[in-house]
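Single chain ahead, by itself, as structure tokens, in the form predicted on its own.
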């Protein structure tokens, strides 16, 4: 068997065994003691924002319809004989699923039995696309219903409206599933093109964790890929528009059937193109800032809660990729305008202290350790970091290097009024 590279966090006694195969496929196995369950993912570095790119080795730029990555995820489960891959997993006792986000598409299964059989299904079906005019047309109807369903969900509409308010050109402003109009233009040729480009092993990674025998899993994956005789593909050149400074719209209000108004305030990060540890560091700094300013133990959260402007579902988070970054904070509120004003004032005035920063760093470290007890979250985080040029074992060291002045500087630059937008959902008049 090929020799794997081992990365370890000796403080918690966890190790991940990694391989890069001749086909270009990245493979990682992280064994965990005490688990009978196994969780496996096969992910491609291909998400909803990748709608313009140059075909490898051809240098020809193409643009494809919005929502095609999500559409392709759906179609991969349909077999040439009319069967369904979900049924194949079910026969061997596994639960399977898939999801698409801004930057990746992930196929997965969890099981307590027949790991070898289920892993073979996962490794095989993503390389066997089958698209026809008929089955593509059928899928359009299914996804149209899904798009309309999400737009009828207040939380999804709240987020969607915020992204379209924050961003002027970056495709992160477009819903992951695209629009009803965009998916209607998708053809089998479009799907085959995107599959050839983004579902090549060079652009993908397999991650297996749980109570597994590392050598046995690695042997199976190596043998499966050897039978394909794939060779590495040239890097994919993705084309993204430059995002201008400033937001598209400062405020978006929408009426829906909700019991109470919803508010989501967002800040667009204008400093992007980070990667590797630099991107991880920025993400951790943002998380530390938000937990310190509006976390449940913060003075501002307590004050807003006592004023009746927020409830326990109030949240703040920072999301980022190689070409974008943004924060969102909010929740239910009886008075969106007052909450907005109180947040703007409080976020600027709330002190950041060394004592609170250290407390939040310990909290982040605790969440890192707890990852290894949650197979699903562990797989998500591993893939999330790997596609960005780092790994989850970098978290403790990067976290330890963050200083109070780093968090203060991030607050100063990130909470820029010119890069702020607000999305509000209001109850429909009775």
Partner chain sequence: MDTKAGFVGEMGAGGGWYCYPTRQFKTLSVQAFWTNPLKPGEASRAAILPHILRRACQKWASTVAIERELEDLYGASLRAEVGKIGDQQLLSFQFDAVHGQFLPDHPDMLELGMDLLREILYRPLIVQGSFDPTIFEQEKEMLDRQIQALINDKGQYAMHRLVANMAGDQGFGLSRLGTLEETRALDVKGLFDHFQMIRDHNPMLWFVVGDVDPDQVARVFEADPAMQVARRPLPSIPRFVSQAQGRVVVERQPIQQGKVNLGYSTEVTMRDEDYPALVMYAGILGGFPHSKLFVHVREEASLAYYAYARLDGVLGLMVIGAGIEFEDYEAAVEIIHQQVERMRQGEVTDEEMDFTLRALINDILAESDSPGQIIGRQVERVLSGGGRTGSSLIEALKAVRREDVVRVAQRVNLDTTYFLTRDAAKDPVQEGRA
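Residue numbers count along the first chain shown, from 1. What you see is a predicted model, and the numbers here were worked out from it, not measured in a lab.
Keep in mind that the form predicted together with its partner chain is not shown, yet the notes after this line are about it.
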Output flag, 12, 37 and 175 jointly within 4.5 Å of its partner chain in the predicted bound form, heavy atom basis: yes
Per-stretch contact check against its partner chain in the predicted bound form, the hit in 247 to 255, 214 to 222, 323 to 331, 269 to 277 (non-hydrogen atom, 4.5 angstroms): 247 to 255
Contact assignment for its partner chain in the predicted bound form, among 81, 133, 87, 189, heavy atom within 4.5 Å: 87
Contact residue in the predicted bound form, from 114, 168, 185, 319 (heavy atom within 4.5 Å of its partner chain): 114
In the predicted bound form, residue 341 touching its partner chain (heavy atom, 4.5 Å): no
Partner proximity in the predicted bound form: residue 180 to its partner chain, non-hydrogen atom cutoff 4.5 Å: yes
is_contact(residue 3, its partner chain) in the predicted bound form, heavy atom dist at most 4.5 Å: no
4.5 Å heavy atom contact, residue 100 to its partner chain in the predicted bound form: no
Contacts with its partner chain in the predicted bound form - residues in 405 to 426 whose heavy atoms fall within 4.5 Å: none
